[in-house]
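Listed next as structure tokens is one chain, alone, in the form predicted on its own.
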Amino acid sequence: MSARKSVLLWLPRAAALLLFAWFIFGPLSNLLIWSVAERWFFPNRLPSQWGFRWWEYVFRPQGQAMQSLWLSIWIAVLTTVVCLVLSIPAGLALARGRLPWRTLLLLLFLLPQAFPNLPIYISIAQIFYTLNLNGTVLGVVLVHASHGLVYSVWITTAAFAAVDPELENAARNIGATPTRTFLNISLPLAAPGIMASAIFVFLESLDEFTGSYFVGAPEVRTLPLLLYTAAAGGSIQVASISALILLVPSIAFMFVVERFLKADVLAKVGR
């Protein structure tokens, strides 16, 4: 193959790669620029004044960013615990039990994602209002858990299905009780998938806005709500910094998910 043909084949791939990188890193670059832009007015293509004044404003006590961040993390942790408490026994039963309509049961957990979020959250807010759960951390956790169960049940079911049943049978044959078999064999082997599902639930809860807005606002002010308030009020710098703060745990945990969630686990989903 001539050098000219090689260049002609390489150019479309390079252009596609550059376009893909622009779609990913273009918005991130804009966030970074806005986070250090103290003065930036149209038609200037770049800020006329740079600095970290807005970072100092966001992290001061009056900025409420750190308070909202810790509240978001606390809600995400509680949501993850609720989802794991429900999904571990459910995943074990769906993976090992001979349940009728097993596939239908798995599909039922997809219902929260099958419909538009807005009407669902409005209905939930009306129900929670009668139960005095509006404006409470518990109400926000329950709303987040309704979506988090989609990830936790499906991934946990796949994790338990990936465990070789012969290992469990061998433990039972030498006298292990079902509880001991679960604690010593099934749970440790399924732990990577369970951890991956926990991270997915945590990140989903950390970034959730719509449910937090309709059920928690204004009493429960998570970081996504602070970001929305800043953007709606024209504080683009505060909104950009809040978005960058939310990106940090998301990127860090996705590396962890990539390490624990392997293809052999994903292949068991829906089986």
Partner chain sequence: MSASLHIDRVEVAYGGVKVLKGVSLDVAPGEFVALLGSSGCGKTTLLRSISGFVPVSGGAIRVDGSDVTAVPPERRDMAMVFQSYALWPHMTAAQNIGYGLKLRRMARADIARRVDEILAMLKLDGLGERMVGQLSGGQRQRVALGRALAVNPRILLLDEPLSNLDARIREDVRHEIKALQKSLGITAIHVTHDREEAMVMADRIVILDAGTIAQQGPPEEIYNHPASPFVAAFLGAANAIRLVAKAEQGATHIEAGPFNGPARVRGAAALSGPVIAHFRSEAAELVEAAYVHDDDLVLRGTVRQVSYPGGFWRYAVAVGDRQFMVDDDRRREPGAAVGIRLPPDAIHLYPDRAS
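Computed from a predicted structure; not experimentally measured. Residue numbers count along the first chain shown, from 1.
There is also a form predicted in complex with its partner chain; it is not shown, and the following applies to it.
Contact annotation: of the candidates 131, 111, 122, 174, the single residue with a non-hydrogen atom within 4.5 angstroms of its partner chain in the predicted bound form is 174.
Taking a 4.5 Å heavy atom cutoff to its partner chain in the predicted bound form, the contact residue among 77, 170, 85, 107 is 170. At least one heavy atom of residue 185 is located within 4.5 Å of its partner chain in the predicted bound form. Its partner chain in the predicted bound form is not approached by residue 96, whose heavy atoms all lie more than 4.5 angstroms from it. Not displayed here, its partner chain is kept clear of residue 116 by more than 4.5 Å at the level of heavy atoms in the predicted bound form.
At least one heavy atom of residue 189 is located within 4.5 Å of its partner chain in the predicted bound form. This chain is displayed without its partner chain, yet in the predicted bound form the stretch 174 to 182 from 174 to 182, 77 to 85, 152 to 160, 196 to 204 comes within 4.5 Å of it by heavy atoms.
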